[in-house]
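One chain comes next, on its own, written out as structure tokens in the form predicted alone.
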């Protein structure tokens, strides 16, 4: 008997009945029905732009439906904002975390929960012990005294979950919670979610990795183009059946394989496009990179695996030429392509139209200038071509980037950077937030890009996704606490690399 069954005839923890949500001419949700039982983990699946995050945001009070009804614990409600939803026991952990960077873990938890502070701005007596007890109950290993900006992504996520569950929570919504976690961290997270569900909380797991959903969820719902197309017990469906439901067409087996097999054309090139020698970078007091040396060669994909917070951001920024090392030597091309991890902060400007976002990468190209002026007709034409080539769902170049789903924003970012890169491309988690079909297309394009250029460029792939690293990389390095560890042929497995990714500091020092 699962946790949901144990609650018998209890009303649904949450229910949507005929909910429609429009954004202008775009129908994000089209008369969707969705039901979450108390004590169940419910997997919510769909392609990018299918409406998954919109559904979650409606339940969380962040969006108001245009039509239909929202129920919490069997009662019809009108959620005006997230505070309304929180008072009714609904909490959401977003894909992009919302912690205050300079606050400690405890301060972030307390900030989100009523009753944690006295009128004089001090923590309520006993509240710290309450937080510690709740963390232990949930099996969440957290450092409540560490500042959020010093935490790894896994640590920040645990704080987000803890702050969401400090008050009575009927519904916990998680948007792509495993996107940047190492395998062991994924296992720990799913164990926490099972524990949460056993306590009676209904959990909505928005995800793209079908194996993770099938291993954790009791029921699944698939959305396609804003409509519910499948719902039922997870045990009744295979990963392939769910993938076909997401895409809406029968496909060959290999199209949804976790692996692709693109053979190298046999070209071996020792031409070094970018190199770092004994590079130290970041804060002078606590450098994020410590003596990093690497070489990226033409025609290869150099994979750098690691859990976020171990120096990946600084490594990408140094290779992209936007961060100067404190010491050591960095030799990088003058105009590298860069797909940053945070597309909203560093990749795209949400308040700019799509053609202006493309212009950010093309403004200094002679082909797109007329003397001191930009050739906007040429930029719009190139933008239309990129939208079509990357299958971006957008009305046209005049649409604002913020109106696109996260997946469609990522598709545009990938297309733009592939288009502008001539010698070096730095790709940070390039398939983060993409559905299975879109992720596969991006991976194939990265391989073709590295192999087929004249001359071939170098690609540095920085990702915590070991399937992605093992599938694509010609050589693999692991970044742990600011140091690079080489991965030999005998260690080229998810188990061995995952162990290195989570290596203790003394293990790094011994290498």
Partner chain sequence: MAQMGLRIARALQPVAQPVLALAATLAVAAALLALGGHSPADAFGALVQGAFGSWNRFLSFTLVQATPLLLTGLAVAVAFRAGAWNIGAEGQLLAGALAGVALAISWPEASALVLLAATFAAAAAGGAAWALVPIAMKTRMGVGEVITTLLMNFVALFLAQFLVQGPLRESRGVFNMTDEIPAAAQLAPLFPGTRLHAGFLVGLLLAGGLWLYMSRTPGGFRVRVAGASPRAAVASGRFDPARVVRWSFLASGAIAGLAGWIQVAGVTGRMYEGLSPGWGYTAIAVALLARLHPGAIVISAVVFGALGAGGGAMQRDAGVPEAWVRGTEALLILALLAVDRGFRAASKGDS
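Residue numbers count along the first chain shown, from 1. Keep in mind that this is a model prediction, so the values were computed, not measured.
Another form exists, predicted in complex with the partner chain; not displayed. Remarks below refer to it.
**Student:** Only one of 176, 356, 423, 308 comes within 4.5 Å of the partner chain in the predicted bound form by heavy atoms, so just point that one out.
**Tutor:** By the 4.5 Å heavy-atom cutoff, the listed residue in contact is 356.
**Student:** Considering 143, 71, 271, 346, which brings a non-hydrogen atom within 4.5 Å of the partner chain in the predicted bound form?
**Tutor:** Of the listed residues, the single hit is 346.
**Student:** Mind telling me which stretch in 229 to 237, 101 to 109, 298 to 306, 337 to 345 gets its heavy atoms within 4.5 Å of the partner chain in the predicted bound form?
**Tutor:** Looking at the other structure, the answer is 337 to 345.
**Student:** Within 4.5 Å of the partner chain in the predicted bound form, do 361, 364 and 369 each have at least one heavy atom?
**Tutor:** Each of the three qualifies.
**Student:** Report whether the minimum heavy atom distance between residue 127 and the partner chain in the predicted bound form is within 4.5 Å.
**Tutor:** No, residue 127 stays farther than 4.5 Å from the partner chain in the predicted bound form.
**Student:** So, in the predicted bound form, is residue 280 in contact with the partner chain at a 4.5 angstroms heavy atom limit?
**Tutor:** No - in the predicted bound form, heavy atoms of residue 280 and the partner chain never come within 4.5 Å of each other.
**Student:** Using 4.5 Å between non-hydrogen atoms, is residue 97 touching the partner chain in the predicted bound form?
**Tutor:** Looking in the predicted bound form, residue contacts with the partner chain do not include residue 97, since no heavy atom lies within 4.5 Å.
**Student:** Should residue 117 be counted as a contact of the partner chain in the predicted bound form, where contact means heavy atoms within 4.5 Å?
**Tutor:** Although the partner chain is absent here, residue 117 would stay clear of it in the predicted bound form, with no heavy atoms inside 4.5 Å.
**Student:** Going by the partner chain in the predicted bound form, which residues of 375 to 392 come within 4.5 Å of it through any heavy atom?
**Tutor:** If the 4.5 Å heavy-atom criterion is applied to the partner chain in the predicted bound form, 375 to 392 yields only 376.
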